[in-house]
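We begin with a single chain expressed as structure tokens, specifically the form predicted alone.
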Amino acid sequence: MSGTGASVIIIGAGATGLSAGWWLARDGVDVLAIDRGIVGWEASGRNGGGCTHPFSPLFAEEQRLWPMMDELLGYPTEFRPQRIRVAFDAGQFARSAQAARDAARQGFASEVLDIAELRRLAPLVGDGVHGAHLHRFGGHANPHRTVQAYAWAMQDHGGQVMQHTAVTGFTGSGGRVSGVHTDRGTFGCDHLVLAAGPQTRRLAALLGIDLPMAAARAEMIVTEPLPLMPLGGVDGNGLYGRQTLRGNLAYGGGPHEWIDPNGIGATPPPSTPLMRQIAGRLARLLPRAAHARVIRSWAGIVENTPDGRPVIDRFGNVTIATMSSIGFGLSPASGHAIRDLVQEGACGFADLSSLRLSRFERLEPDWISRQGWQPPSGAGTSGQAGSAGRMLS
């Protein structure tokens, strides 16, 4: 590498990018994370904090790492183990049972809760429950504290974070990227990691890589503090979230409001119709908290692939990671996987073949409209990455 830059440049200072930067920096790699905003300002700092993904090939590593992340990073994440998943009908209960079976195949236990035990562990739950599972795996953490912990720990190991810096293009030849152009200058690199959330598709297109994804608003609401439940991680009724250590309920969940990521600023405002809808469903999930006031809300932007699964893949000296709305919980493991791809060319602890981009080679060009994921204005509905000249082969 020559000139100003780093051996590895990561575009995106969310949980995935910062975790990858921390894993690389702790190996002694010269790494620079660049973000158009501040760390964790979009989806990574604006989610329910769940750490429970038994359907992912990264699940076993996710579960191994989360209980030790405070010690590894040297900063608090507020991780708390275990989750309760409440079902209001047979279909919801079947999906929860499938998650339990997926985890059981990997050595993780769950159990069906009777109503008395459910009320003991989560006393804010009310009547009308079809059933509930206690997953003795997974858990939740504080997204804001965790993202900041990644950033500080990365810097402690010599990594750099550059905020408020927009990427405008790339320099490269022979199928390799050698520089990143920004509004603050050009930075050279030996390897590039794209982990820029909804902007990953646009940036990949500049390299000639067609990455199918659609962007949506992710909204959260937070209530005033309530007495702490014995187990603060309770999902259900289409919602995900947690009770914070102060007692607030922080929850979000669909339906998604599909947007054009290029037509909205770095700080998307909350959407009042979605906020009311989330509050109503939370009152059904936890009716003994229905009296609590909603004291704040926020929105972020999440990216979604056609099948809802991440893409983690390497093309020459470029590694792409788009996590399809589940990046925070998987971040300890995805950062480790990206470190392996950058340093070794392949992941050493999990089979990532199901996360390769090539699975979308026969995707219909109009896949976004087929799935009904169009922004209300109809803007940004093309499923194609664009006509940018190919830099990578």
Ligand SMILES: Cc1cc2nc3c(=O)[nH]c(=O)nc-3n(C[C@H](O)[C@H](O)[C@H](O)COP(=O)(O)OP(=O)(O)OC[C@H]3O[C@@H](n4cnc5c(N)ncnc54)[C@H](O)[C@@H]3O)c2cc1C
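Residues carry their position along the shown sequence, with the first being 1. The structure presented is a predicted model; accordingly, all values stated were derived computationally and were not measured.
FYI, the form predicted in complex with this ligand isn't displayed, but the following is about it.
Although this ligand is omitted here, in the predicted complex none of Ala100, Leu134 and Gly308 has a heavy atom within 4.5 Å of it.
Contact between Thr165 and this ligand in the predicted complex is found at the 4.5 Å heavy atom cutoff. This ligand is not drawn, but in the predicted complex it has a heavy atom within 4.5 Å of Gly48. Contact check for Gly329: a heavy atom falls within 4.5 Å of this ligand in the predicted complex. Within 4.5 Å of any heavy atom of this ligand in the predicted complex lies no heavy atom of Gly21. For this ligand in the predicted complex, the listed stretch (185 to 193, 117 to 125, 149 to 157, 219 to 227) containing residues with heavy atoms inside 4.5 Å is 219 to 227. The partner is absent here, but in the predicted complex a heavy atom of Arg202, alone among Arg202, Arg281, Arg145, Arg314, sits within 4.5 Å of this ligand. A single residue from the set Leu355, Leu32, Ala43, Cys347 has any heavy atom within 4.5 angstroms of this ligand in the predicted complex; that residue is Ala43.
For the partner-free chain shown, Ile11, Gly12, Ala13, Gly14, Ala15, Thr16, Gly17 of 11 to 32 come within 4.5 angstroms of this ligand in the predicted complex, judged by any non-hydrogen atom.
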